[in-house]
Each structure stands twice: as C-alpha cells, then as structure tokens.
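Alright, here's a single protein chain in two forms, structure 1 and structure 2, each given by itself as structure tokens.
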Structure 1
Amino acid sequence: MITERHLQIFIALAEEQHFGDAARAVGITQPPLSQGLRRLEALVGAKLFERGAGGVELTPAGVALLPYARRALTSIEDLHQAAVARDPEGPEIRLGLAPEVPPSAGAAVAAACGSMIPGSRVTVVTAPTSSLVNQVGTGRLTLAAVLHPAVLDGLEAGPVSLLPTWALVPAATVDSEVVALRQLKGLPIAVRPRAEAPAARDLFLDTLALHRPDGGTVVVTDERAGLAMAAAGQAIVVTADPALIAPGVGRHRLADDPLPLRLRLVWSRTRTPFLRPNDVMAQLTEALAS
C-alpha cells in the first residue's frame, strides 16, 4: 500500500536531489528514507531515482510519476485541512515568547499563528530562552520565539531575525538622537540574568565590552525594573521594544546598531501541527520582524 510517507519521500527527493536533505525535509533520518524509497519503487514496479555524481536524479519513470504523487499528496493534505476545520475545538497552538521579544512583535506572531490554522486556539507563555527551548523539545510548547544564539539540541529553527535596539538613558545624560555605544559612560547597562540564555548573553556582553570597556552592567529581572532604574538615573536599558518609554528617560538609536536583538523561531520537527512547517515559520518570522 502506498502511504503518505512514501509520497513525501518521493517528492522531497525529487526536490532536494540529496538523501540527507530530503530526509530532513520529511522529518526522518536517512535509513528510513532509503527504506521507504525502496518500498515505493517495489510498489510502483519502477526505479524512480538514479544516484548521480552530485546527488540523486529522477529516472524517466520518476519524471512520469512525480505529478501523480504531487496530486495525491495535495489531496491528502486537503483532507487533513478539512478535518481540522471541522473540529469544533480546533487544534491548540502553544506559543512561547522570550521576555526580550517586544510585546508588539510577540502579538504579531500570536495573531499570525491563529490565522495559519482556522479554528485553532492560541495560548501564549513568556519564559527565558533556555526554558522555552526545553519546553518545545518536550512538546509542552508548539513553537517559541527565542534568543539567538542558543543551544537548540535537535530542534528545528527558522532564520535569524535582527531587531534594532534603542538605548534608554536618563534624560540629560546625552542629547544627540543617535549615540555611539562608547559615549554611554558612567552608568551600568541593565541586563537580564546570564543563565537564561548563556550564549546570547555572552555575545551581548562581549560586544558591549568591545565598544564600551568601562561602565559595567547591572542584573535586572525584567525591562520594567530596568526602565525604573533608568528613570531613577541608575542604569541604561538596551531594548528592542519601540514603545518602552518613561518620563525622564531619553530614547536614543545606537550608531551602527551594534547590539541588535537576535530572535529565532524554534519548533520540533516531529510535533508540529503545521502541514508545511517551513512555509508557516517563514510567515511567522515575517510577523516577528515587521
């Protein structure tokens, strides 16, 4: 019996022309991919691919049968979609957001999530990157927007989005609209605890140390605390949130944007409810960065 998986393998190999890449596209490893292909070739009674110098190529039989496979797979996907649309509960999409994600960006991703699967219910939690990666890995979350770079341990991840950041500085410290990082002297920069995302935090701190050798940092629990410290004249906040303001605190662009917020969507290859996760994540990534 030809299964949905056989069709996925056929189409992925035709598109990727590489066993490893095709296996990744289907979400399996190489041995079951090869095995599935052999089974499909036995079922249709024809060799579908030749191993060439640079990868795999369709045989004439493969070329002839590919359009039928595409149509069959599309029909199966339509069936899934129709079934999902009929479910009164709808699937649940559990979205995780790192605390550094600006509220408006997080809202845009959540809204886009909801429109991806009609009738779905979106729930959202905020947690540090290390916790979100863990929760996506164990299936407690469907996907998450996390800081990059982070150790992802086999999770799927979308492209890196760079969000520009502003320096929130006690008024009267600097006057120009754009400031160089090294001009921000005398006050510590508020940072969240390192353990939340060691690699991303170290990259931030190493970049900071390169541009601004003195001034130091002060650990804060969240941007609310950081903003309050800035208002009290005690700290500088670096934020990607375009709406974070307070009386007595000036917002300044940083020259050359040395400390962009790097964000990435992560999800589990085997647990995604999306039929074409890569397409969905591309749209969600757009929502994150817009």
Structure 2
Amino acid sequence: MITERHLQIFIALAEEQHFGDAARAVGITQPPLSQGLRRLEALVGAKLFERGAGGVELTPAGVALLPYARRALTSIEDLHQAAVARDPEGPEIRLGLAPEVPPSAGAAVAAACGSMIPGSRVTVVTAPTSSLVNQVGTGRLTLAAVLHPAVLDGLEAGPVSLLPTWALVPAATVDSEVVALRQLKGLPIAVRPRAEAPAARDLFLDTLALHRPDGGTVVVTDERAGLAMAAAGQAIVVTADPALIAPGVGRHRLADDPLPLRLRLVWSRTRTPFLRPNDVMAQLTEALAS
C-alpha cells in the first residue's frame, strides 16, 4: 500500500533532485529514503528516477506520477488539518529552521510556539531555505524561519529580523575586537552552497564584494566545516551564532554590521488556520529576533 511517507519521499526527491537533500527535507536519513523509493517503485511498477552526474531526474513515468502524488499528499494533509481543528490535544506545529539560524534563536521560536498556541505539539526539522519554502507551501511544515530575501511563492511572511554577525578568523590574524571587512585580507570567506538560498546568497556575495573586493570565497557544507577551516588557518567564517567558537579561532565584531543575518518567518494562511498572524506571529518574530 502506498503511504503518506512514500508520497513525501517521492515529491521531495523530485523537488530536490538529490538523495541527501531530499532526506533532510523529509526529516530522515538517506538509507530509509532509498528504501522507501524502491518500495514505491515496486508498488507502482515503474522506475521513477534516473541517476545523473549531479543527482537524479524524473523518468517519464515519474513526471506523469508527480501531479497525482501532489494531489494525493494534499488530500492527506487536508484530512490531517480537519482532524487537528477538532483535536482536544491541540495542533501539531511543524517548525522548519534554516541551518544558519543560531541554536538559541531556533530554541526561542520553538518555545514560543509551545507557549503562544495552547496545547500545541512542536516538532522541528532543519533544511536549506529553498527546501523549507517548498515544504511550507505543500503543507509538510507549519511554518519556517528562512533566510531573506527568498522567493516565497505566495506564502505569508513576517517582518525581517536582522541578527548581528561576527567574523571568526585564525588566531592572531586581527588584533582589534571590532574589525572592518576590508581588513580581513588573505583568506577566503566560507559560504554555503548558493542553491540552498539563491537570493540571500547573492545579496551576501554582492555586499561582500562591495566591502571586500579581494579575497574570494570558499564553499563549505555548514558552519562547523567553516569553523574547522578557520581553526586550520584556511578560511574566515561570518556567523550570527554567539556560541560558535573553537581553540585557535578569534571572534571579532564586524564594524557597522555590513553582513547581518536576515531572517523571517513564513507560513501558509490557508494551511494553518490555528495561526493568528496578528497575535501569534508578532510574538514568534520577536522570539526569533531575541
């Protein structure tokens, strides 16, 4: 029997075109995602994806099945919403967090969800901004904290919160507590892949080029990888996480805060009837900024 999880796996893989990214979007590891896909292909009697050099692509059978899978998943989610509206235990809040969101900020939003919406049950997943927007739009997530700017495809959005950032540089590279970007010479700035948040990443790179035309960038998988490169004397990390630190790495406030972390909450008005933007979203946004 085809299950909701089979549909989630199929749709996520069609959207992400990469097993690892699809697994993160669904909130599972890659092995069960692969197993779920094989089971779905056996149930429908057709191969749904072809592997390529950069990931996977839908086969003609997969292309034909995709709109039916989306409609089926939407129907299942509508069923869940109808049940939630009458559930005495309260609604489930499925919160998505971009990986750039500092742990303290993510925890504050999750706590606010639980306190602002009586009886709610909060679950949390982490995924890139582009994936989170898709998941909110399809109803797999209730709301998400994403990077700004981003193409929101009709989703509701709260105000933009600006979080200050620090530069993490190899020890003894800079003496002053506050440093200008143009002073950070000789090493590349660690950045995450553009595909995770194209508009936000472009704004970051354009601003970086304006303040620091030389030095370049290096792509890393996450801030922990960037921190390791900084400790090895190979890169500089710009982060909003006040707790990200390691031996051999200096932490410096950026003068005039030219690269703040821009975050906002997004949600679907039609899929989240229990969210009241006027009295709930403002408090959730305040929690994000705090």
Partner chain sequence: MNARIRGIFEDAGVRGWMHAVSLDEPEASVELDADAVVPMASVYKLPLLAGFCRLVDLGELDPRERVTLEPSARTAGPTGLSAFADPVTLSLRDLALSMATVSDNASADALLDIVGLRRLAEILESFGLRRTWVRRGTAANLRDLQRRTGVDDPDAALAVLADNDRTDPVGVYEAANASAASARDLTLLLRRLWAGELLSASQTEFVKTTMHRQVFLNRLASGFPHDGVRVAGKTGTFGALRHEAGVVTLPGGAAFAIAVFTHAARGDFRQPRVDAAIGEAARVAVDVLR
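Think of the rigid core as the biggest set of C-alphas that the two forms share within 1.5 Å after superposition. Residue positions are counted from 1 along structure 1's sequence. Here the structure is a predicted model, which means the values were calculated and not measured.
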**Study point:** Of the two forms shown alone, the one predicted on its own
**Key:** 2
Check your understanding: Rigid core fitted, is the C-alpha displacement of residue 285 between structure 1 and structure 2 2 Å or more?
Key -> no
Practice item. Would you say whether residue 71 is displaced between structure 1 and structure 2, judging by a C-alpha shift of 2 Å or more on the superposed rigid core? Key: yes
Exercise for review: Superpose on the rigid core and then read off how far the CA of residue 19 has moved between structure 1 and structure 2, in Å.
Suggested key: 45.3
